[in-house]
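To begin, one chain is listed below as structure tokens, in the form predicted on its own.
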Amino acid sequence: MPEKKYTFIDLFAGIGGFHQAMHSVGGKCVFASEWDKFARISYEANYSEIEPALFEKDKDGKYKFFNEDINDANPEDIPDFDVCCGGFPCQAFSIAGLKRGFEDTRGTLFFNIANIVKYKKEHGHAPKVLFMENVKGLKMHDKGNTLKIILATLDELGYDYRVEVLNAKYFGVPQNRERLFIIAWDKDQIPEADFKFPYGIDKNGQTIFEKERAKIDCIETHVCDIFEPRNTLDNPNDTNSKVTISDRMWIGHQERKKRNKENGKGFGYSLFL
């Protein structure tokens, strides 16, 4: 188990993607929040052994630090922390564009993050870093006004920031998955940060900091490298030896892709050679 070097909270936690990453580099989770019942079950199964204190219960049998509804979370009851992680849902900002910063985020789930940070800062325990993730479309939502409001709120709270869209396929993951990341830091505690986003990992395991180079030199990863590595197959070099899905499932995939395209959605499949 890595040495604990800092604390973090995990908001809109899902089954724990942020937790997995932060724990691997010495983070100790002191508070988590997730409303989905089945995600909560998976989250506790994944992390109850490495962070048992996170799942402690009070005398009434309720979790003290594993929150179900972030709207009910009292910032006063959240332990102090160094890093705030949050993949907050992108709701429609009903009054986006009025440029009122913190006030414009009320009624959205991003406000819950901002409110916790604001409370901690006012009480002398400002988080050092905010680590947030969202869909790529947030960048252009409401002609860019939504993101402007979020960033204006961070500025109002005293945080500097960097924003970038990253693609998982350049980091050794066999998936073309683009996500927008926001890294923000408290300007009082980190006055001269020189943060640079990584854009990928090369074939030698080194971080790539040049966006265009990531497309050329990134490590290649295939689904079979994870689920069924080539060296475990009976005839790894036999191009006629293939694992396929059933005809019925293939027809279902094609019909689903057609429906989603007609509904203006991008969910489907792609063929890779």
Ligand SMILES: C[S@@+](CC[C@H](N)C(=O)[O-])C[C@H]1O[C@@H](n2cnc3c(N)ncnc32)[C@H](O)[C@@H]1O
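Keep in mind the model is a prediction, meaning the values are calculated, not measured. One-based numbering along the sequence shown.
As for the form predicted together with the ligand, it is not shown, yet the points below apply to it.
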Point to revise | Per-stretch contact check against the ligand in the predicted bound form, the hit in 31 to 39, 213 to 221, 50 to 58, 200 to 208 (non-hydrogen atom, 4.5 angstroms) | key: 31 to 39
Point to revise | Heavy atom distance at most 4.5 Å to the ligand in the predicted bound form, all of F12, G16 and L109 | key: yes
Point to revise | Touches the ligand in the predicted bound form: P89 (any heavy atom, 4.5 Å) | key: yes
Practice item. Answer with yes or no whether E133 is in contact with the ligand in the predicted bound form, where contact means some heavy atom within 4.5 Å. Key: yes
**Study point:** Contact test in the predicted bound form: N71 vs the ligand, heavy atoms, 4.5 Å
**Key:** yes
